[in-house]
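Below, in structure tokens: the form predicted on its own, a single chain.
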């Protein structure tokens, strides 16, 4: 396993590997790795000859600076996990490498409102930062495949649109949500949950499973009210819940729509959690 910090040496290595006919899979992360990330790595290793994982806590996607400061940074532990999982290359750049002075890295595309609803409403500017950093990392790594997790549903939907609009040939591969044995969706933030809220937070996955199983029997408004009531009963503070079209992220109007997703965000004490479930494809 090799660790690269600088753009020039990373590009030189990847260019060499691709000249030998190797395919490159890329897993972008902000570190504080967990089993969910390892599922992305495993998916990349199955599909690609070479797996590259980046670790970069991107400042432009944090609308709350306090959240940026508190974000866990565990590089030595992360490096050991990636080595054990058989990752070929770690890209561990500084902010100066990703955002060099004098280089315009803005991404000017119309996201058609995908970035202003749900997560975008409560985290203004977040997706602008996500699009910017993913585009920059794709330019640096030049992968054949990009692996992202289903848990960040809105994020990968937006990145999918970016790839199409900018005609980037990298193929997006979405890996299903990896959950703890309890059902809680894996997240780097879970380590900050108190034991009390770890238990209470199970309401999210429990509620989503119930909705998937009973969706065809209940009215959408009743489902929404049920979800919010369940979250509040457990002592969490709901931020949003919606049943949406997976392509447009707009709330569904009819049960006849295809690709229907239930999405939720809630506060467990001081920790913000998100989750989702695919109701129908």
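Numbering follows the first chain given and starts at 1. Here the structure is a predicted model, which means the values were calculated and not measured.
Missing here is the form predicted together with a small molecule; even so, the following discussion is about that form.
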item	value
Three-residue site 220, 260 and 276 fully in contact with the small molecule in the predicted complex at 4.5 Å by heavy atom	no
Contact flag, residue 48 vs the small molecule in the predicted complex, heavy atom cut 4.5 Å	no
Distance check, residue 140 to the small molecule in the predicted complex, heavy atom within 4.5 Å	no
The small molecule contact in the predicted complex: residue 185, any heavy atom under 4.5 Å	no
Exercise: residue 158 in contact with the small molecule in the predicted complex, heavy atom 4.5 Å	no
Which of 208-216, 55-63, 221-229, 238-246 lines the interface with the small molecule in the predicted complex (heavy atom within 4.5 Å)	55-63
Position in contact with the small molecule when the complex is considered in the predicted complex, options 148, 81, 177, 193, heavy atoms within 4.5 Å	148
Sole residue of 130, 87, 162, 203 within 4.5 Å of the small molecule in the predicted complex, by heavy atom	130
